[in-house]
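Starting off, we have a lone chain in the form predicted on its own, written out as C-alpha cells.
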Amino acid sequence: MERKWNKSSLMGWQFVALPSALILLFSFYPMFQSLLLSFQSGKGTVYHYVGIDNYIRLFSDPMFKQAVFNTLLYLIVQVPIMLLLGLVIAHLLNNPKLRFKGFYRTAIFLPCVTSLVSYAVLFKSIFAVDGILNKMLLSMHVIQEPIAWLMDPIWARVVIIAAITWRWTGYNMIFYLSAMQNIDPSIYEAASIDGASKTRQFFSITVPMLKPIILFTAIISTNGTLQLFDEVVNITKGGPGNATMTISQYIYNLSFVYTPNFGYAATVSYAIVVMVAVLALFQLKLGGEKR
C-alpha cells in the first residue's frame, strides 16, 4: 500500500514538475531579481548597491507623487462607477422577459476583446479638437467653439476615465450576470409574495448574494487601475504636463524615455505592489472576509 502511494505521488510530481519549474523561472525569479535591482542604481548594465536610497527618493520625487495622485484619482472615480454600471446592466439583462438578450450581452462585452491600441486611437480621434464629439456638440449649439479635450488637464482625465469605463464595464458585467443566474428564482418568488418591490429585492437579495463576486471584481479592478498604462500612453501620452501620467507610465519613462535607471524603476514598481496589497487587504476587511 505504501509502495503504491509512493508511485502515485511520484506520478503526480512528474505532471507538476515542469509547470512549477517554468513558473519559478519566468515569474518568481524575475520578481526576486527586480527586488534586488530596487536596491541598486546605475546606468545601462553598470549598477552599484545603494541600500534604501531609492525608496527614500520616492518620498521626495514630485513626478512620482503626481503619478500616484493621477492613478489614485482614476481608482477612486472610475472603479466605483464601473462596478455600479456593470451591476445595473447585469440586473437589466437578467430579466427573463427581455428580448434580444444575446445581442445586448455581446454588444456590451465586445469592448473587452477590442485591441487596447485600436480603441485608444478611436477615443483619441473622437475627442480630438476636430473630432466627431465637438462637431456634434457644435451642430446642437451646446458649445460655441471646439473644446480641446486632450489639452486640458481636467477634461483629459475625464477622457481617460470614460475610456476605461467603456472598455471594462462589460467585463465585470459578465461576472455579475453569471452569479445572478445561479440565484434560486424561488427566493424572488417568496419575496414577491411577501410584498417586496423589485427595488427592494435588488438591494436585499441580489446585492448581498453577489457580495463575494463584487469583492472579487473590486480587487481585480483596483489591481488593473493601479497598473493602467495603455490608455494613457496612446490617448494623451501622459499630458498635458503630466496631468494624466500613471505610475506604470512613469516606470516606462524611467526605463526607456528618460536616462535609463532600471534600479529606481524597479523601486517604483514595488510601490505598486505595496499599494495593491494594502488596498486588497482593505477591501477584504471591508467585505467582511475572515480568511
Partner chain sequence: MKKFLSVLLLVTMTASLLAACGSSNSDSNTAGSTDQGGSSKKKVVAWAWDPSFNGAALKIAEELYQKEHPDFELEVVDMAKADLEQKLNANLAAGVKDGLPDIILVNDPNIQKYVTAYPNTFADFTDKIDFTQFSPYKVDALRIGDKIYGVPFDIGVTGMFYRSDYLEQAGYTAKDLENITWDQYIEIGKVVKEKTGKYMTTINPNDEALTSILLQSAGSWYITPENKGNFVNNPVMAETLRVYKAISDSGIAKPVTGWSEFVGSFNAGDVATVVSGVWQVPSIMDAKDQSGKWRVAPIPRLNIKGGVNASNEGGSSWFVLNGSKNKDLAIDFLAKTIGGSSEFYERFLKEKGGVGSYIPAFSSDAYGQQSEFFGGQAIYRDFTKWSTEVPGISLGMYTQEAKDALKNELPNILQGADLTQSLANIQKLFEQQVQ
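Residue numbers count along the first chain shown, from 1. Keep in mind it's a predicted model, so treat the numbers as computed, not measured.
Not pictured, yet referred to below: the form predicted in complex with the partner chain.
Novice: Would you check whether the partner chain, in the predicted complex, lies within 4.5 angstroms of a non-hydrogen atom from each of P80, Y270 and V278?
Specialist: The answer is no: none of the three residues contacts the partner (heavy atom, 4.5 Å cut-off).
Novice: Counting any heavy atom within 4.5 Å as contact, can you tell me which stretch out of 170-178, 198-206, 114-122, 83-91 lines the partner chain in the predicted complex?
Specialist: Within 4.5 Å of the partner lies stretch 114-122.
Novice: Just to confirm, with a 4.5 Å cut-off on non-hydrogen atoms, which of Q40, S34, Q227, N242 contacts the partner chain in the predicted complex?
Specialist: Residue within 4.5 Å of the partner: N242.
Novice: By the heavy atom within 4.5 Å rule, which residue out of V129, I183, L98, V158 makes contact with the partner chain in the predicted complex?
Specialist: Checking each option against the partner chain in the predicted complex, the one that comes within 4.5 Å is V129.
Novice: Please run the contact check for L73 against the partner chain in the predicted complex: heavy atoms, 4.5 angstroms, yes or no?
Specialist: No, L73 sits far enough from the partner chain in the predicted complex that none of its heavy atoms falls within 4.5 Å.
Novice: With the cut-off set at 4.5 Å between non-hydrogen atoms, does M136 touch the partner chain in the predicted complex?
Specialist: Result yes; M136 sits at the interface with the partner chain in the predicted complex.
Novice: Given that the partner is absent here, does I220 sit within 4.5 Å of the partner chain in the predicted complex, heavy atoms only?
Specialist: So I220 does not count as contacting the partner chain.
Novice: Can any non-hydrogen atom of Y29 be found within 4.5 angstroms of the partner chain in the predicted complex?
Specialist: Residue-level check for Y29: no, no contact with the partner chain.
Novice: For the stretch 224-257, I need every residue with any heavy atom inside 4.5 Å of the partner chain in the predicted complex, listed N to C.
Specialist: Contacting residues: T236, G239, P240, G241, N242, Y250, Y252, N253, S255, F256, V257.
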